[in-house]
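So this first bit is one chain, no partners, the form predicted alone, shown in structure tokens.
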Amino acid sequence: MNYDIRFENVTVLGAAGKMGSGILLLTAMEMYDISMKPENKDKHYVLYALDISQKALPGLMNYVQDQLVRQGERKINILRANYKDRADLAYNSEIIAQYVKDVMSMIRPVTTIESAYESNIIFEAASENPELKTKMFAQINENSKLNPWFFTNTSSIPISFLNEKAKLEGRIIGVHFYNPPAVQKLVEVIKCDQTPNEMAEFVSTYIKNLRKIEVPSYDKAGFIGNGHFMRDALYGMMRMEELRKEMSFAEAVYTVNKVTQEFLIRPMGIFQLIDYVGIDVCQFIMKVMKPYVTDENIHSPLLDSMMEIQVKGGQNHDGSQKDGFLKYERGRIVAVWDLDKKEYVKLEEIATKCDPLIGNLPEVHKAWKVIVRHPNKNEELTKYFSALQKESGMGAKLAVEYQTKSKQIGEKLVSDKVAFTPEDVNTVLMTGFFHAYGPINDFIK
């Protein structure tokens, strides 16, 4: 079964979620492109958008439709060529409307898993729950006569575990899109020992057609992205607990978050990133990873404490940030949670006290937005970290120690055969997490 034929019938599980909706959109656009080939004009393409929430499906369809309008505007010249034989489509608006109609006509919103029994490909973007995933995979596999391929978006669960539990005989591969899939360029690809090469080749073609960047990972829990992020977060929380001996909880969180964002030139501080992903999600990922990691304790009592009081972080349905370690208003941090007081403390109060203790940034410092696009980025970073190591302030010292630890985490991912190469680690952190530089570097001697 070739590439085009396999796309004739596809299902996305968890289609109404943030990850599922993006994967559905991307897959629908790829299926449209396939359907427009002359040799495929008479073929019928179906994409099942499967989700247990009947209420969420109308919102999903509205999201896909809105995104297709934007995509149509961006590739109007390609669409004009596709519809060159349609004399009734004279204006751009008419062409885009037809494009949206043609793509939407392939999508079938459904709530029953039976719809997936006829699919050649199953994209899975359900919650990061091993039992849920294997239950769905097994049910589809047992009832389908097509020997479907399963593409799981898991960000931490070993593919070999899912393969064995669902009895898929190797017809599964990790295709881990980063959030949000429609925007993020990175896709981690993870094979288990039984995954056939033709599946990996198929996925590579799919990712290439989406104009995204593929990075392979060994089949180790957490893979590269969460393998680094979870350990980076654990280190940040450990340093926060050390600072807590000399200052309040809120002040310690503020200090580590400020240092990891401004002094390390990252788009977010570590506590803001944990909030963005979700405290509950980070806790769950650590639970998934912990049994597979024997030489480290992949567990955070602090996350447990936050979950006990139901401070979870994460995203609202409209994409706005929920409160977690930090409190947000219109995307801006306005306060910091104090675990001892069980309340948020205004950012201004904490900054007034902590900023003098943290100290100043070196004069050669450039903000993340500047450095990430700088034509001489590596030269500027080398100059900056050289100056940072000469600073005596608490913030500078913490930043140097933090970056040293980040590099060690990255190198261990390679030595432990989680990542294939140091370049793969750097690509994941720079592309998937938008870091200005990879953790494995020589900026700090």
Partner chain sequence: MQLRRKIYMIAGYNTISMGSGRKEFNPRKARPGLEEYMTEAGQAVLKQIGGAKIVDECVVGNFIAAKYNNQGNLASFFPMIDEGLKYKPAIRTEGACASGSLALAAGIKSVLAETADVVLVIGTEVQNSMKAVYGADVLAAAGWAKERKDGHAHFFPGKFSDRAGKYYEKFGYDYTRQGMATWYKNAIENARLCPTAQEFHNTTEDLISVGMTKPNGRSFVDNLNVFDCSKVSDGASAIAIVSEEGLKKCGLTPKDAVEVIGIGQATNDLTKAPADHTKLDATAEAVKKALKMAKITKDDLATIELHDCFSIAGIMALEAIGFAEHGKGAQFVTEGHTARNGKIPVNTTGGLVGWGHPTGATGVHQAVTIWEQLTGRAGDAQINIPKNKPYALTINMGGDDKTLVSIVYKKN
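Residue numbers count along the first chain shown, from 1. Quantities reported herein were computed from a predicted structural model and do not represent experimental measurements.
What comes next is about the form predicted together with its partner chain, which is not displayed.
For the options Glu114, Glu201, Glu73, Glu246, the residue carrying a heavy atom within 4.5 angstroms of its partner chain in the predicted complex is Glu73. For the options Ser93, Thr352, Asn360, Ser127, the residue carrying a heavy atom within 4.5 angstroms of its partner chain in the predicted complex is Ser93.
Only one of 311 to 319, 75 to 83, 362 to 370, 334 to 342 lies within 4.5 Å of its partner chain in the predicted complex by heavy atoms, and it is 75 to 83.
Interface membership of Arg211, defined by any non-hydrogen atom within 4.5 Å of its partner chain in the predicted complex, is confirmed. Using a 4.5 angstroms threshold between heavy atoms, Leu89 counts as touching its partner chain in the predicted complex. Put simply, Ile52 is far from its partner chain in the predicted complex: not one heavy atom of it is within 4.5 Å.
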